[in-house]
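Below you will find one chain, with nothing else, as structure tokens; this is the form predicted on its own, and questions on how it binds or moves follow later.
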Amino acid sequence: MFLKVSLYISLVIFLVGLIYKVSTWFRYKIGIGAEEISTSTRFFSALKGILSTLFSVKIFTFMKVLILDVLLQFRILREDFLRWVMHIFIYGGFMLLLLMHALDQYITVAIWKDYYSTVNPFMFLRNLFGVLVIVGVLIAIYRRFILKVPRLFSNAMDIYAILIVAVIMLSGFFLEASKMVAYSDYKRMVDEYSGLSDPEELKSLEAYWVKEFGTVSPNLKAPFDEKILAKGKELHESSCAGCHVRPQWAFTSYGVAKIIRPIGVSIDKAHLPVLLWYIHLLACFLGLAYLPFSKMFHIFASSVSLLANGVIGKEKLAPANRATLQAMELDACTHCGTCSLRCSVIMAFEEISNRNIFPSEKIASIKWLASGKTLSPQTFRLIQEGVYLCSNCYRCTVVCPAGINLQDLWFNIRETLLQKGYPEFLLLSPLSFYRGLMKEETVLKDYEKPLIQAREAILAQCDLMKRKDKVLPLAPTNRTLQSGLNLSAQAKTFSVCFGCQTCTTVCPVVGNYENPQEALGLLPHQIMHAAGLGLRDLAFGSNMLWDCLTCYQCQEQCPQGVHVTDVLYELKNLAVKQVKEKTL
């Protein structure tokens, strides 16, 4: 009764969790314009997309992806053979055990009418599938804690998943082994199925089981007379052979049984098989109930992601389906670290200790944001910085074994974060070039807003720019600015500028305006003078500094060899650093 109630509770938690998790795919607001699309619109749009796929030629692409990427997991095989073996062993072994063993009354019995769990091929296959899972778990442990794959982080959820699977498998092997040696289990089967009552016959059968099946009897000890064993074999073949094969076929459990046989009587008296039965079933129930809330949910979500992205291909998605797909992809992530291994900007982590730079770690942070959790400004800024530090090289998208369109996800979540009101200074660097190319993909009225916020945050730290008269005070030179520039071999060349204005003359930004002084503030040669005089606020507050196209025309034409563009680069870095030191 206890186990039945536990099973029902686990099933209810699993179903409720599954419904809740799937509902988040339609509720979470991720990406451009997602806030304006209702949950019902997203649901019916997704339903329409599914039906249009199933009843079109896309069904062939669907079946191809299902076989090659979902079942055979070829995307993982292309990246790492050992990891593919691990996935196939864990996923394949566990699913086969689920279908053949856990659901045997509904599936196996329906296919094989004479099914018994203690006959072949079922007894052998059960052990084989269990061993595959254990080997897969050992490979996972080896990769994470011994091989230590670069850029692969282990969190609590990764460890919980490994532990639950390991407990289910090991308790299953020990349960079967303890039943092999337990005399009480043998006695129950004889009483229920043999129909024997003669003491001599019972003794002969018991001797045969002690000798051939490894049962530990408190009454009989080997060696046995050959006539008794022959009689026992005859009784076994007439009464038991139809539903019991030799235990050696369960090769792993039999090996464990041989190890614990010396304490078989104590195991039986302690009712260990019953205890292991409860542990095994409760571990299965716990795994079932925990599945929708754990990393293991990617079994469903990754399959959906692979199928959806495989069918969609390069076609442009409707905004509603795009928002739904990206919310689903957050659950599809397996935290495998493949994207981080290929990421081209991970080197930044050596200077900026922010784990959100790693693509695989961004996903967890984005999930927090999408779920509506309240985050501190500091945490929010770290997430924003990590999401924006991306060179848009597409490497992560190409190698993702779950088929997640990470590049599209980064772009959409980046725009969402930029509209939250926190200034992102990387917008003022070449990293924003991709955003400019994707301008038409954004809500155009919001495109300029983050740029203005970032510049205003810098201007807010420039005391001189707050003065209405803009009259320069007689103040000592800002040595901090000059020493900061002097740290760079390229940037310190500002000091040899003699104001010939060549840089300003060749600058395409300056040439774009009829009155460049009014539009840009300081011009390139004036910024060099400001650096020389230590006028930090004037240099930082100039629009020219942030409108620079980094075309290097000024630097190539300078007769003094001043690295004008590099000086502007370093001034930007110093300006952003100043704001972060004062506000973060």
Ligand code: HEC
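Note that the coordinates shown come from a computational prediction; the quantities given were computed from them, not determined experimentally. One-based numbering along the sequence shown.
Note that the form predicted in complex with ligand HEC isn't included here; everything after this is about it.
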**Request:** Quick one: from 212, 441, 185, 80, grab the residue that has a heavy atom within 4.5 Å of ligand HEC in the predicted complex.
**Result:** 185
**Complete:** Assert contact residue (ligand HEC, in the predicted complex, non-hydrogen atom within 4.5 Å, options 381, 435, 492, 179) equals 179
**Request:** Please name which of the stretches 238-246, 223-231, 160-168, 419-427 has residues with heavy atoms lying within 4.5 Å of ligand HEC in the predicted complex.
**Result:** 238-246
**Message:** Is residue 354 part of the interface with ligand HEC in the predicted complex - any heavy atom within 4.5 Å?
**Reply:** no
**Item:** Exercise: residue 142 in contact with ligand HEC in the predicted complex, heavy atom 4.5 Å
**Value:** no
**Message:** With a cut-off of 4.5 Å between heavy atoms, is residue 194 one of the residues that contacts ligand HEC in the predicted complex?
**Reply:** yes
**Request:** Using a 4.5 Å heavy atom cut-off, state whether residue 283 contacts ligand HEC in the predicted complex.
**Result:** no
**Request:** Between 103-130 and ligand HEC in the predicted complex, list the residues on our side with a heavy atom within 4.5 Å.
**Result:** 116, 117, 118
